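So this first bit is one chain, no partners, the form predicted on its own, shown in structure tokens.
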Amino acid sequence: MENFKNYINGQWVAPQSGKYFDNINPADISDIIGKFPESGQADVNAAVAAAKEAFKKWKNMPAPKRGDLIRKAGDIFARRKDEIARIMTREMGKPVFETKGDIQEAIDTAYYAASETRRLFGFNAPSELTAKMNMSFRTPIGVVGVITAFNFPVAVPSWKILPALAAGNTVVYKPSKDVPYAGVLFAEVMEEAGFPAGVFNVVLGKGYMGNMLVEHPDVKVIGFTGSTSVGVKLGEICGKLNKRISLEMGGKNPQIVMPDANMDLAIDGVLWGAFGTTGQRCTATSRLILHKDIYDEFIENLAEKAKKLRLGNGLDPETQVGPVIHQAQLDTCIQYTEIATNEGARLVCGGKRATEGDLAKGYFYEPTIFADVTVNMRLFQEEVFGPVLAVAKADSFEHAIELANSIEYGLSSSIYTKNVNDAFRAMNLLEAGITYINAPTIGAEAHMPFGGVKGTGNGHREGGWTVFDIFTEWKTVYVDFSDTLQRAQIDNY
């Protein structure tokens, strides 16, 4: 059994505690992938100290030169895509075609972030005074702590890590305890790309380590992806410390289907949105809102296809739906099935653990659909993070929008309609950071802003040009070449 190591200051080092934990394949719990560091405060301190020291030189490297290294990392991810995808599937369960897509997002993000190092534009503006120039530009902040979830082990970290480095910051990365191998692989890629020692560091461990990183006085920015409950607590800590934090948290995303929609397309959309990644996406389609005129027929056709989805080990090319990540998540799916049943929702299909044949070896849960879910039910309001879909009936377009907006989350949303007026009204009315027209609620692109409103986030947007607002400060400079004392903000009129 291999003992893996942390990556600190350009070196692979054992945890100072000497403790390790097992990394288990969720599709076959007898398969132990390896032993990974159970790091502590001393390891975090060492990584932060290395990043702080490396920042002194890294911030002064010309941004396009930083971009050259990031582009090279993208090339390495591309070369190793198949290999890394299979390791990721073994580690977190989703099928290989999904993990390949996960890595492709990192490749796209690398190439985009690299190109943006030549477009970290500032702004000039006319001065109100004679012989004076006003300008502003972005500056890096310092050490960035990155904490991410298990479901996108390479893509989501890349959204934070690569732009943070492009902007001139250094990084300490703490992956989810459920995907530590992905963190190791990320470090291998960055090491091969030639990043200077200390610029990028990975410290592996369990959940409590996140607080150690957040509370460290030399970590100036936190990028977090995870549950709303954890994110809110980290936000409270950063608020007390006057520390910047970007929070990307939960979702309970609606797909609305109107009577004029392409029904086959809408069914395919909800199948992918609800059961892709086994429902373990913050953008998963977890609520389906159907117009009353199509309600019964749509549910019947949807259930027929959902029952045919093939569950299995993600390394099998025939698999469409993999396991949930661990026993606790399996228990959550079981719990919400019981809650929905007790509250009066109608179970259409699924609703139990899948145990046939090899499925008994892992944490598999049948794709589950509940109909007649009302707005006051917990299944309508609360994130399950599993393959459990709530279906509600809408009397009209206006009622569908009302239902979609009647929760605390606001990440992604979707409407299927051929009515251009309804489509544009939905764009304006849906309370979400992302809206799809005639597509499911999942499927971000690297060059566009990503994030949500309400309980989903705290206003920042990853992806695209907006991500640099998280990882830079603005500096304003006034150059007075008048050779006289000029007084701004004095009544010169």
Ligand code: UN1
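Residue numbers here begin at 1 and follow the sequence given. The structure displayed is predicted, hence computed values, not measured ones.
Same protein, other form: the form predicted together with this ligand, not shown, and the subject of what follows.
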- Give a yes or no for residue 33: in the model of the complex, does one of its heavy atoms lie within 4.5 Å of a heavy atom belonging to this ligand? no
- Does residue 105 reach this ligand in the model of the complex, with heavy atoms at most 4.5 Å apart? yes
- Query: Does this ligand come within 4.5 Å of any heavy atom of residue 281 in the model of the complex?
  - Reply: yes
- Taking heavy atoms only, is residue 313 within 4.5 angstroms of this ligand in the model of the complex? no
- Message: Only one of these stretches, 364-372, 334-342, 211-219, 147-155, has heavy atoms within 4.5 Å of this ligand in the model of the complex; which one is it?
- Response: 147-155
- Of these, 319, 176, 225, 329, which has a heavy atom no more than 4.5 Å from this ligand in the model of the complex? 225
- With this ligand left out of view, choose which of 112, 275, 159, 186 has a non-hydrogen atom within 4.5 angstroms of it in the model of the complex. 159
- Item | Contacts with this ligand in the model of the complex - residues in 447-480 whose heavy atoms fall within 4.5 Å | 450
